[in-house]
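Taken one at a time, structure 1 and structure 2 that follow are two forms of one protein chain, written as structure tokens.
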Structure 1
């Protein structure tokens, strides 16, 4: 009995057909252009990293989600333990690469756009393979780095068509002060921050239960105090005042100066990024009335270079989640702005098999002049017109024996039915006509 094949991609991954892929490429190109306008330079790192590079920097929860790769061949016999892994994010591999090439200490600005992989349970809007669009500033002081990071990410989001943006900001220092306020033990603070990081993903009662289950009396007190207005209450009181609050105010002022006037800035003392490597300023971008999940996020991680590469370097950066932004644009019904123009391609009909050589020569000359030319499959001209319409090609070129004899090509607009003849000796003029339509 023949075994049935499952031709679907692995759970949490996707195939991209032309329209979706064009949108992703357009979005990536728009972001790359924005990042370069802010002085960031492109860096690429391999999809594979040595496993010791990745483990121990994301925290226990992150380490569980690293895709590990077992050794191969003779090496597997000597040591069956995983030695490689798919990159979990773009930040850590970039630190490793820039340390290797002695760029960490030179005030380098780096951007990278590409896929990462996480071995988590796939669900709607959550993938095992997805794209991040990163910026990082190395060896750049506060608050300059924070302002430049936020400005580049906000500019990219607006270039993609995102509107009504709000950025929530906080610092790890304020979170430490919050833990001190509730007398949460050092041993349990990591678990509390991991739970607080879920406030934008799960309802408050669910987060309260998770915090209350942490074996610490202070955690239970925090869980009891948690309610929708708790963050605002903390800001109204003087319990969080001090150098941590002053530092955040200084950063917020610089961010407001660098960002657009339309950006709403919200101080949220409960904002907690779940990864272990954050040390200072942290932020998340959302859209008003959109998904509760962040579409971009980041912060400062001054100890990361020491952990990954044994190098002392202050780092601040952030990342746009490409999937979440595209989903949000779909909800806002504005993703079509990333689609290719409907008349971007010229459909060149194949009049007959005998005309193949002449038709291909014409197609080559037009392509060399910068046109996108689709050569039809042949058959009845009417059927080729219908095929062009199905493909979204509004403009057709007809080159048959009559046109060849007169040294012209017939241009037909499928929407209006209008036709005109253009001399073969003036293909550059034909290109100008087509580009101007």
Structure 2
């Protein structure tokens, strides 16, 4: 027998035991119901993609975080370079899959809830295997797609019990206009956006330093202008006026119509979002007083389908981070509704090895009538009661030779200690009693 094994899951991944799993499944089910109520249909893609489908799409940082898989067998000898990779998000594989099934042009609306993998440095609350909950509208015009995306995600967050939701909205057009205003050179715009994206996670001075260090005189001007009221000032003055601001206003109006009246909408001309592929509207959901990390986010990406699948298609969508929402719900103390029930399981004790066949027959008949039945492991009856209590089973059935002869079972309520004999000649009656307690 080997000893001292490391039995923890790989760094950044987790094992889920029943209680946590019940919570996660409930949450995923709630989101699926919500997304279907908005007319989205489920699509699932494999965990694996061809490596060329994923590289170059998420930016340089993203490329480094892709888990790569080695070729197998004969292939490996011909070419030892990795040929497959684990999906990095659900968005890109979905575009590939819908192109393959000729669904990009038909106004399809898709949702998917499942794991993605990123080789991030594992840290508290940051995982290498985590779940995204996506909605996307394909070939659907502005601002309908934006409104429907936000409405579905907000509805899902509310159904899960999230309160005091705020959505920050912006467009890439506004960011381009801002860069134009400050005469940021084309070559440096990506660096500026990456720095601006950190505004909700880091203090202003640190972002200001990062922007000032970008080799471009406009960047230094922008860094000087960055102070807490900068975003509000940009909106108050007519600095951003023009078609970009009109477009943002039109989208914001549609989003407000589709969202609940409780959603606080915050127009933020500095909101940048990290991912390379956005082309228009971008948004992030937070909770008032919650973590600085977004709990959901997304936007419009009209060029991705051409890049990934060689097919033009305007797309808008977004994603809820399941772990982040569950984290916040834990903080908000609203998880009890998601707790697993165990007291509907009946613990049928195994009185002795000789009673096994009779006990299994009784278990089969009770299960056929719809009861959840756990057959005890045998051993001392008192130990079986204790095991039942630990598992949260409230009712025990005892079925020994005496009971068998009298055609009864002894029913024991572990909470009250009450014990009574019930006939098994009328099993449906017993099931009624057990379901009624």
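Positions refer to the first chain, counted from 1. Here the structure is a predicted model, which means the values were calculated and not measured. Definition used throughout: the rigid core is the maximal C-alpha set that superposes within 1.5 Å between two forms.
Just flag whichever of structures 1 and 2 is the form predicted on its own. Structure 1, which is the form predicted on its own, differs in this respect from structure 2.
Answer yes if the CA of residue 359 moves 2 Å or more between structures 1 and 2 after aligning the rigid core, and no otherwise. Where the cores coincide, residue 359 still shows a C-alpha shift between structures 1 and 2 that is 2 Å or more.
Report task. Determine, after fitting the two forms on their core, whether residue 349 shows a C-alpha shift of 2 Å or more between structures 1 and 2. Result -> Comparing forms between structures 1 and 2, the residue 349 CA shifts at least 2 Å.
message = Given a core-based superposition, decide whether the C-alpha of residue 36 shifts by 2 Å or more between structures 1 and 2.
response = No; residue 36 is a residue whose C-alpha shifts by less than 2 Å between structures 1 and 2 when the cores are overlaid.
For residue 368, what C-alpha shift in Å results between structures 1 and 2 following superposition on the rigid core? It moves 3.1 Å at the C-alpha.
message: Superpose the two forms on the rigid core and tell me the Cα shift of residue 425 between structures 1 and 2 in angstrom.
response: Reported C-alpha shift between structures 1 and 2: 5.4 Å at residue 425.
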